[in-house]
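Below you'll find only one chain, the form predicted alone, shown as C-alpha cells.
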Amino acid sequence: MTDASMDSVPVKGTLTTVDARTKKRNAAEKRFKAYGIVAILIGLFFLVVLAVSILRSGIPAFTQAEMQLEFVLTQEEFDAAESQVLKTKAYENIFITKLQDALTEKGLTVAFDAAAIERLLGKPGSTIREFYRANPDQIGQPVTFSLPASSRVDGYFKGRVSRDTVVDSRFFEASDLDLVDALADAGIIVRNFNWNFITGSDSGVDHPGGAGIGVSVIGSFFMMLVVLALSLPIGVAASIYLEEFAPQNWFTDLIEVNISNLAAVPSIVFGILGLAVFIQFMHLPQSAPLVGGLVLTLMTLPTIIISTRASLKAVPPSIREAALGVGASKMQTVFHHVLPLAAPGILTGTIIGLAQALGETAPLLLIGMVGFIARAYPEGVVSGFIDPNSAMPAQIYTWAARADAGFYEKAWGGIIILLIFLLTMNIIAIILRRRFERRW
C-alpha cells in the first residue's frame, strides 16, 4: 500500500526539469530586472538631457565680445579733457577719434557717432577717465583698453541676435551691425574668455556684459563658514546626547518627532523665521552673510542631526559593551570608540547638508539678499560677515528675473559654477568617508 500510494503522487519537477510555476517565477524576476534597467536608463537619459541643456545654455556666458583698442593719450589731450565741464564726454570723443584712426589704418571707412558707440559699449569715457586718473604715469604710454560690448553685440557673435531679428530702438539699431562687422574685420572686436564673469560683480540691469558672480561666491563662502561653525558642533552634540545619554521617555520622543518634522519643513519657512527673529527682533544687518548663515544653520541642523544619529546607530553595540567591560566610562566609550567609528558618516552628512544649504534661494529671499546688488568685494573678514552681500543662488535668481537675454545666459553660467561647487563638496565627502572609514 505504501509503495503504491507513493507512486501515485505526481512529480512537479526535478533538478534538471523546471515546472510551470518555476518558469513563471523566473519570468517575473527577469521582467523585474528589465524594469529596473529601463528605469535606470530613463533616469540617465534625463540626466544627460539636463546636463546638455545646462552646458549648452551656460557655456556662452564664459566668453564675451570685447572691443580692444590700443592708443596713446598725450598730456595735452588729458589736460584738455579735464578742463571740460563734461569730462566723461570729452574722453568719449577722444576714444571715438582714436577708434576712427585705427579703422583708417586698417583701410576701413565706416561712419559712426557717439550714440553708436554708446549703443555698442555703453559709456567708455568714464572707464578711460577713471583709468588715467588712477594711473597718471600711463599718460603718453600705449595702453590697450578691453571694453565689454553690449548684450546685443555679444549676442550677435554668439548667434543669439541676427540682422533679421534686430529692431531699431534706442538700445540698438540694425545699422550698428555694419560697424560691428567692420570692427571685427579690423580685429578690434574679439571674443575672449570672460574672466570678469568668474571674478567680477553684478553690473546692474543695463549692462549684462560686465556682470560677474565673483562677489556672490564670496558671499556664499562667508555664509557657509557661519553654517559650518554653528551647525556641525551643535548638530553633533545634540545627536550624541539624544542617541547615547538621553533617557527614553515621552520628552525625548517629542524632540525626535520634531526634528524629523523640521527636516521636512519648506525652506522658505526658515526664511520667515530668520526675518522675524534675526532682523526684526535682533536688528542684525539686512542682506548680510551672517544673517543668511544663521537662517541656513536652522535649516541644516535637522539634516545633520538625523545623519549623525544614523551614523552612531550603525556602530555595533559590541563596541560599547567591550569598552564598558574593560572599565571605560560612558563618556570615554562614546568619544574614544563610538565617535571615531561614526566620523565618516557624520562628515558625509555634514557636507551633504552644507551642499543643500549652498543651493538654497528661498530663505535668502526673505532676508533681502536677492534685492541687494553686490558691486564690490568685502574690505575684510568682519565686513565679509556683516556687510550687505549676495549669494550664488540669489544672484542666479536675480539674473533669471531680468528681461535682457544676456542676463538669462549669465544665469545658466552661474548654475554651472554652482554645480561645480556642489560636485566638489560631494567629492570631498566621498574622500573623507574613504579616508576615515574603519573596519570592525
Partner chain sequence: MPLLWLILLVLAIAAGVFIFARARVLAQSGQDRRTLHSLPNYYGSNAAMKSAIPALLVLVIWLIAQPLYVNTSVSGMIPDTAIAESSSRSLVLAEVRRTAEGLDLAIATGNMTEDEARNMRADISDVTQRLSDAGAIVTSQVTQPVLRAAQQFRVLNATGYQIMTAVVLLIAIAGGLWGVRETRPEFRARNVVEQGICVLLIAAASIAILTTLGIVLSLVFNTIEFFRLYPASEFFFGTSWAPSFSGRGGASDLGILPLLWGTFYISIVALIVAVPIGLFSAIYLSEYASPKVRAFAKPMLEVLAGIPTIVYGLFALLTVGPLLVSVFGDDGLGWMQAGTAVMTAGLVMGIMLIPFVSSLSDDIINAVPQAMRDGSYGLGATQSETIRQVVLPAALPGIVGAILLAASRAIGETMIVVLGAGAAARLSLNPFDAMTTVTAKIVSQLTGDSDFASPEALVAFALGMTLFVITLGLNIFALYIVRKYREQYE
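Keep in mind it's a predicted model, so treat the numbers as computed, not measured. Numbering follows the first chain given and starts at 1.
Below: the form predicted together with its partner chain, not depicted.
The contact with its partner chain in the model of the complex, taken as any heavy atom within 4.5 Å, belongs to N258 out of Q141, T144, N258, Q75.
The partner is absent here; in the model of the complex, the one residue of A115, A264, A134, A111 having a heavy atom within 4.5 Å of its partner chain is A264.
In the model of the complex, at least one heavy atom of F281 sits within 4.5 Å of a heavy atom of its partner chain. Using a 4.5 angstroms threshold between heavy atoms, F270 counts as touching its partner chain in the model of the complex. Of the heavy atoms in Y241, some are within 4.5 Å of its partner chain in the model of the complex. In the model of the complex, its partner chain lies within 4.5 Å of some heavy atom of L301. Between 193 to 201, 96 to 104, 332 to 340, 177 to 185, the stretch whose residues reach within 4.5 angstroms of its partner chain in the model of the complex through a non-hydrogen atom is 332 to 340.
Looking at its partner chain in the model of the complex, residues A28, L44 and V382 each place a heavy atom within 4.5 Å of it. If you take 401 to 418 and check each residue for a heavy atom within 4.5 Å of its partner chain in the model of the complex, you get Y408, A411, W412, I415, L418, in sequence order.
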